[in-house]
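As a starting point, one isolated chain is supplied in structure tokens, in the form predicted on its own.
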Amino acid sequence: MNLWAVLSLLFISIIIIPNFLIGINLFTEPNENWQHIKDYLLINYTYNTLIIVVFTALATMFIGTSLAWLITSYKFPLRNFFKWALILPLAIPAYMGAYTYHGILNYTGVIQVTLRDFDIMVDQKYFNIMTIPGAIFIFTLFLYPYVYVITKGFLENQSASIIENARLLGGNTFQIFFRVVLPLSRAAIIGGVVLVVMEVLNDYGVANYFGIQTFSTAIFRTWYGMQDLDSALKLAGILMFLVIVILVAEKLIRGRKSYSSSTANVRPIEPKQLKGTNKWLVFSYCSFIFLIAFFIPVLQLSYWAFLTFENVFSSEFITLVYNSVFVAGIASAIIVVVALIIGNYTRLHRGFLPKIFSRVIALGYSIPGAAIAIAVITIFMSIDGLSATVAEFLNLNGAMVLRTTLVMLVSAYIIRYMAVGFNAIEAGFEKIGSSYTEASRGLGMSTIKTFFKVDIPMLRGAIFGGFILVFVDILKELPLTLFLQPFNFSTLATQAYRYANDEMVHEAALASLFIIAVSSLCIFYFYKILDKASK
């Protein structure tokens, strides 16, 4: 086994151990707290979580797929703008969207105040968004881009001849969409919906702010409220089991069928010019989604930031920006380095082990943050306990304590977001191929020299892309950071959460806008890069 394999195995172990710990804890002896949770609360957690997951999945599937089809197949006013603008809601974390819409719709919000100015009194219950349907609405608005982006990418690369043949056979727009496009795009749509489901299961901010009992909120309360690590681990184990069931179901639905074109002579779909009423109907639909999913929340946050700027913008805010950028930068850099090592190993070696490594890396991203946090806490408590024992045995003055440091938080980020960085690096390796590496080895250079002098310069784009993808994800991350942040350490995301929880939503606006601005710039950059690469 060479150095690449040893390092890869070491890093993969860091991802496997927490998940193994969560799984094995399901079979340990239950305590009284767990018996109470199982008898009185577990059904409610399961019901609420499943209802939100199922209806959010259906709603994002409808919106994401319909937008992808319209943008890919038709020309209408501002189509080129909507192509990338409809991705922007992904820059707004769902919990920030929840704060914004609650602020807009509550008694003192702009809608009810405006209506009262015209002597129109409304029943508050019709504007109460802090319900399960409200949570589904929020998740749908800010997560549909996952389905939209993946489905649009798939449709853009499909052969136009399939659609043209369907038209020649007499199919109208609806028949072509339901009988040709949907079956063809099934794998892409399911892939996008699974990402949405993972994000909903990972959520803590929306459910907690709306007071909805889900698995994530239950794990948090069991740990912080009861200080019961065993019961929290059991809840995390059930949540992980639920995720595995969803992933297996996805594989079964996809089956072994291939949905890609069987010929290399693929001609992209040529958009058809829409005319008359249809043109304005499609334009209105895209405009409506963009307005409610991005423009209105950002406009509202900008207004609140204007009102509270003097109170919020201080040295403390600068520290929050520094903390957020620092911890996201450190974790992203480590993830990229580890992804490069594992990616190079899986590329150079064929066989069972490299294939397993590629699959295991995705495991971390599929497990919700609250579950990973509980597992990481358990591991670091064991490490600290072992350190204390060793220190006592060696008569040392102090033992190493890691669970109150950034090491624990960064470790959790690495476990959860390794898949994001690895996918970008793996795509880069696939793009450059192996001919340059083989030529370099043929000229007598070692694997390590080839890696640094040949592969790394050619992978600059993928490395930078992987870094900023992970960076943006960590910048928005809430559950892991809330669980594991050291004492007296906050980020923009956790500070915005605290403001909102303390009924100071206006003060949360500036931090939210900073995160949204950075995320939007990164999304725009990726759109331009991907669009350029597809031409």
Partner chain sequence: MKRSFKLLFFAMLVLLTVIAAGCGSSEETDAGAGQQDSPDDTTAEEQASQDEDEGVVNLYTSRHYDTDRELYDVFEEQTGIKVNVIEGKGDELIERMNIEGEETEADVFITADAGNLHVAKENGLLQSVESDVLFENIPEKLRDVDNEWFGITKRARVIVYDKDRVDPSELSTYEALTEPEWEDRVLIRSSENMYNKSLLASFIELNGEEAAEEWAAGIVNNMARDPQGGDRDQAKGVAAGEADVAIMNTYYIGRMLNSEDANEVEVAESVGIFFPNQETNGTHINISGAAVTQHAPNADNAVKFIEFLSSEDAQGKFASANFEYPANPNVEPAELLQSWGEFEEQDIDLSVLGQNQQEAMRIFDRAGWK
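Just so we're on the same page, rigid core means the largest C-alpha set that superposes within 1.5 Å between forms. Residue numbers count along the first chain shown, from 1. All of these numbers come straight from a predicted model, not from anything done at the bench.
Although it is not shown, the form predicted together with its partner chain is what the next lines describe.
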Per contact check vs its partner chain in the predicted complex (non-hydrogen atom within 4.5 angstroms), the hit among 124-132, 357-365, 143-151, 163-171 is 124-132
Do heavy atoms from each of Tyr74, Phe241 and Ser519 fall within 4.5 Å of its partner chain in the predicted complex? no
Among Asn202, Asn208, Ser185, Asn344, which has at least one heavy atom within 4.5 Å of its partner chain in the predicted complex? Asn208
In the predicted complex, the one of Phe290, Trp223, Trp84, Phe137 near its partner chain [non-hydrogen atom within 4.5 angstroms]: Trp223
Mark Asp473 yes when one of its heavy atoms lies within 4.5 Å of a heavy atom of its partner chain in the predicted complex, and no otherwise. no
Can you tell me whether Phe464 touches its partner chain? I mean in the predicted complex, with a 4.5 angstroms heavy atom cut-off. yes
Non-hydrogen atom contact Trp69 with its partner chain in the predicted complex at 4.5 angstroms: no
Within 4.5 Å, heavy atoms only: does Ala98 come near its partner chain in the predicted complex? no
Checked 28-44 against its partner chain in the predicted complex; residues with a heavy atom within 4.5 Å, sequence order, are Glu32, Asn33, His36, Tyr40, Leu41
Honestly, after the rigid core fit, is Phe290 moving at least 2 Å at Cα between this form and the one not shown? no
Large Cα move at Thr46 between this form and the one not shown, threshold 2 Å, rigid core: no
With both forms fitted on the core, give yes or no for whether the Cα of Ala331 moves by 2 angstroms or more between this form and the one not shown. yes
Distance direction in the predicted complex for the C-alpha atoms of Thr56 and Ile468, relative to the displayed form (3 angstroms or more): closer
Check Thr49 against Leu484 at the C-alpha atoms and report closer or farther in the predicted complex, compared with the shown form; the change is 3 Å or more. farther
